[in-house]
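Below you'll find only one chain, the form predicted alone, shown as C-alpha cells.
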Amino acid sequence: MSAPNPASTGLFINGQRETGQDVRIGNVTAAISVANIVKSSLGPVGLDKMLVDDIGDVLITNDGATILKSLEVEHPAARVLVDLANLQDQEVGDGTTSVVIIASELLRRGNDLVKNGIHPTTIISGYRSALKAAVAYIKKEMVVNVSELNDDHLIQAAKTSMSSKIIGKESDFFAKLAVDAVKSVKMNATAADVAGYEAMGQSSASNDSKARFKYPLSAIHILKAHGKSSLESHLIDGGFAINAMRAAQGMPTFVESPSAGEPVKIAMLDMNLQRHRMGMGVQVIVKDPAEIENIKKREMDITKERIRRIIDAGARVVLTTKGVDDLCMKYFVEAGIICARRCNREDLKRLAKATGGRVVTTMADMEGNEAFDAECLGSCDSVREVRIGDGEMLYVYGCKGHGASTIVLRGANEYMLDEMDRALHDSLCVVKRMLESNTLVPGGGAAEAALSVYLDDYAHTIESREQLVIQEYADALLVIPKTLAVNAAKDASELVAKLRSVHAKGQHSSDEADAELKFMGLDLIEGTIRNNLDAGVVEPAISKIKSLRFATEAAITILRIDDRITLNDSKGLAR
C-alpha cells in the first residue's frame, strides 16, 4: 500500500514515510534477525558468541540478555526485542534467549497471517486469547506445587539454569553454592512484598497464615579473583569479603573481639582522612613567624581529633572510599586498627547493610561541631586480611546485620570469571524465584509441547477467524523444542513429532497412568524423550508464565505498527 501524494493532500512531512505491509515486513525481518543471533545459544548444548567492541575488548558468552545488550541495534522494532530480553533478565533472571525466540516466531507467523488476509486486529485479539488460555493451562495442569521446598528441588532448578553455561560441567558444585547463598540472605517479607507475590500469582499457599520470606539478591556479593580452579570458589556464609587491603604494613592482619560477646566495630566512611588544610581563598596574615608553626600544629591536631573521635566511638576497623594520608595512618597503626582506603562505594553500602551500620559522609553535626555517632558503626565477630590470587582481600566474619554473604569466584582468566558471574547470577535468580513462589514446571520443551497440543484443541472450540491465529500461536511455541533439538545436533522433526504425540495421548486419555505424560520433555544428550520432572529438569513456574506474557506483548506491540515516519534532522538528512 503506497502513501498518498503529499502534494494532493496538502500535508508535507519533513522526513520519510513507510506504511502498510512494507513497514510490517521491515519490522518482522529486523526482529527475526535479532532472534537468529541468539538462537544457536539456546539449551544445554548451545554455542557461545564472541563479541569484540571498537577498542578490541572481547566478551565471550551465551547469555541472551548480555549478547543483545552488547549489540548496537539501531532498528526501532529490533530494539523492542533487546528491551524484552533486558526486562526478562530483570524480572526473572533466566529465559532471556527463549523469550526473544518465541517473540520473533510469533511475529513471523503473524506477518504470514496478514499476508493471507487476516486483519492485524484479529491477530492481536487471537494472540491475547491464546496467551490467556496458555497461562490458565500452565497454572492448572503443569505447575507442581512444592509446599515445603527442599534443597533437591532448588538444586535441580539451579542445575537446569546452569546446564547451558560455562559452569554446566560443574553444576553439582555451583548449584549447591547458589542455593546456600540465596538461603543465607533470608529475611521476613513485608506486607507489601506478600501483596506483590499474590498479585503476580506466585504463591499457591498465599492464603496460608504461615510467615512469608524474601531473599534480596543485592545482599549477595560476588567477588572475582584470578587463579586456581573454578571448583575452589567458595561461599562466606554470614560473612562479607571486600576487595581492599591494609593501608600500611604496621597494621594488624587480624582483629577479633577482645572479650566474649563483644563485637568488633567497623567504621565505614565516604570522606577523606587526610591532614586538614584551610580552604582555597582563605588569607591569614601572620606577623610572628612562630605563628606559622602553630597553624601547622593546629591543622595536625584537627586531624588527630577527627581520628580520635572515630577510635573513641569503638571502631577497630576503618574503611573509606577516599584517601588516607601518612599522618592518619600513623595514628591508626599506633591504635592497632585495620584501615583500608579506596574501597568501592557500592561494596561499602552492602557491608553497612550486612553489619547493621551506616556509611558516614561527614562528621559535622547540626551545631557546626564535629562528632562521630557510635550508632553508625557496623558489628561483626572478626576481620582478617586474606591473600587471594595476586592480591589481598579483607574478610569480615559473623556480620550482625540483616544477613549477607559473599561468593568468591576463582578461575583461569577474566573472560571465564565474567561468564561464571553471569551464569551464577541467572541461577541465583532462579533459586530466589523458586523459594518465593514454591512452584515449578518441567523444562526441556515439556511446557511448550503441552501448550501446543492444548491450544490446538482449544482453537477448534473458537468459531471466529481467531481459530487460525490460535493454531499459529500453538505452532509458534514449538520453536523452543525444535531449536533445542537442532542445537543438540538431533533430528528436530522426529523428536518434536514424538513429543507432540506423547502429550496428545496424555491430554486425551482418561487413564490415570497417562497423567504423568504431561511432564515429558527432551533428553538432548541421548536424543530421546523422558519425564523431565523425574529427571530434575525444572524451572520456576513464574519464569515460564512471564516469558510467554512478555513475548506475546512484544509481538503485539510490533504487529500494531502500520506506519513509520523517519524525521529528517536540521540538515535535511534522515536520522
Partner chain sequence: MLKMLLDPMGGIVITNDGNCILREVDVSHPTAKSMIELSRAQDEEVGDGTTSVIILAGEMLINAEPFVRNNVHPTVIVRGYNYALQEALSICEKLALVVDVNDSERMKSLVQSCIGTKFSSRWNDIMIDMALKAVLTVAREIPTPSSLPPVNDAYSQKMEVDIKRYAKVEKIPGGEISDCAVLSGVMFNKDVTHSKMRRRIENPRILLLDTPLEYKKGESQTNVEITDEEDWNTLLKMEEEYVENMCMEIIAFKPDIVITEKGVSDLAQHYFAKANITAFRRLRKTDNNRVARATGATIVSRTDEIREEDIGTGCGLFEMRKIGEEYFAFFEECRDPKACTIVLRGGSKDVLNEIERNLTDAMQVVRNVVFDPRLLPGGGATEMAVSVGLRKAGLKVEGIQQGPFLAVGEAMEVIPRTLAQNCGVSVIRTVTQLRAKHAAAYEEIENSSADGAFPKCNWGIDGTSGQLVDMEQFGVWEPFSVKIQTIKTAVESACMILRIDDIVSGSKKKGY
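Positions refer to the first chain, counted from 1. The structure displayed is predicted, hence computed values, not measured ones. For clarity, a rigid core is taken as the largest C-alpha set superposing within 1.5 Å between two forms.
FYI, the form predicted in complex with its partner chain isn't displayed, but the following is about it.
The closest heavy atom approach of G227 to its partner chain in the model of the complex falls within 4.5 Å. In the model of the complex, at least one heavy atom of D48 sits within 4.5 Å of a heavy atom of its partner chain. Using a 4.5 angstroms limit between non-hydrogen atoms, T461 is distant from its partner chain in the model of the complex. Its partner chain is not drawn, but in the model of the complex it has no heavy atom within 4.5 Å of R549. Screening 107-115, 343-351, 389-397, 471-479 for residues having heavy atoms within 4.5 Å of its partner chain in the model of the complex returns a single hit, 389-397.
Looking at its partner chain in the model of the complex, residues E72, A290 and E334 each place a heavy atom within 4.5 Å of it. This chain appears without its partner; in the model of the complex, the one residue of E466, E141, E299, D270 with a heavy atom within 4.5 Å of its partner chain is E299. Interface residue among S164, T355, S98, N438, judged by heavy atoms within 4.5 Å of its partner chain in the model of the complex: S164. Residues D326, L327, K330, Y331, E334 are the members of 315-353 with a non-hydrogen atom no more than 4.5 angstroms from its partner chain in the model of the complex. Once both forms are fitted on their rigid core, the CA atom of P289 lies 2 Å or more apart between this form and the one not shown.
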